[in-house]
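A lone chain, given as structure tokens: the form predicted alone.
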């Protein structure tokens, strides 16, 4: 995943910032416990958000554990829950197949980093795929569809976005059959579509420079890998439409203690990230210094 789905932490009360940090650290701890140290390096906001979305309405207990990034001080983390286990397993599966896609898209030398990372993650992937065979199959199927569309240089933005949306929506199958599952599937489908379009816009200049496939290159003129103002407006409209459908589904269910974080993400965070991406400011905000900032420090 890509790290686009996040609440606006600085605008949340301290209690909610701490709650988000506990889930983030809890997912990191669960990744390490289930899949080893290497798996902790794939931790990101998107799967932290997935864990929150799939969690029970009330927060579970906490534990204090050492953080590999800061071994001198214990951190408060959510104890391992089914939602954290699901997010951990599915993040490993998706990360592995994305690495394999990177291997396929690059030559030997340029693809070396993808091969090395995939090898380090292989054992964790096999374990996660054995526990989540349906999601593994969905990931394979939809990523194959994306590869076919890429080979065809598909000019539609809806077809590849739908493939990724279907992949993320598969996570809802873990929920018990009934209204909650339908709500989660609707949220995850449109969130997956939004993530795909955000990533395409974020990578547009890089893809244009390297000659890589990006549906926006074929849907719009994109001279020099840059959208003009009218093209940005059109893309923003379709991305906003997905967010509005997410919000409509979200209002149909009670998410309990997670409501402030989810509401901040859906009603503020996604729009803020989309604006930064379309203005070319999102990549710049992810500087080396920012990436090294601990989530616990962000939420202080």
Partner chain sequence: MNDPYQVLNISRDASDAEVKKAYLELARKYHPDNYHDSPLEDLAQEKMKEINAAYEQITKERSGRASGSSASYGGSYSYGYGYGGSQSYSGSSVFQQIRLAINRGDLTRAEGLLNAISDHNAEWNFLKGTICFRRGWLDEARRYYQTACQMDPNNAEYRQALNYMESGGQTAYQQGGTFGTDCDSGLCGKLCCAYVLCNSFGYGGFRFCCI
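Everything numeric in this text was worked out from a predicted model, so none of it was measured. Numbering follows the first chain given and starts at 1.
Only in words, not in the display: the form predicted in complex with the partner chain, which the text now covers.
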query	finding
47, 176 and 191 each touching the partner chain in the predicted bound form (heavy atom, 4.5 Å)	no
Position in contact with the partner chain when the complex is considered in the predicted bound form, options 65, 62, 245, 257, heavy atoms within 4.5 Å	245
Single option in 43, 261, 51, 274 placed near the partner chain in the predicted bound form, where near means a heavy atom within 4.5 Å	274
Stretch in contact in the predicted bound form with the partner chain, which is absent here, among 86-94, 178-186, 205-213, 119-127 (heavy atoms within 4.5 Å)	178-186
Close approach of residue 38 to the partner chain in the predicted bound form, 4.5 Å, heavy atom	no
Partner proximity in the predicted bound form: residue 278 to the partner chain, non-hydrogen atom cutoff 4.5 Å	yes
Residue contact check: residue 217 to the partner chain in the predicted bound form, 4.5 Å heavy atom	no
Touches the partner chain in the predicted bound form: residue 115 (any heavy atom, 4.5 Å)	no
Residues of 148-187 having any heavy atom within 4.5 Å of the partner chain in the predicted bound form, listed in sequence order	156, 157, 158, 159, 162, 179, 182, 183, 186
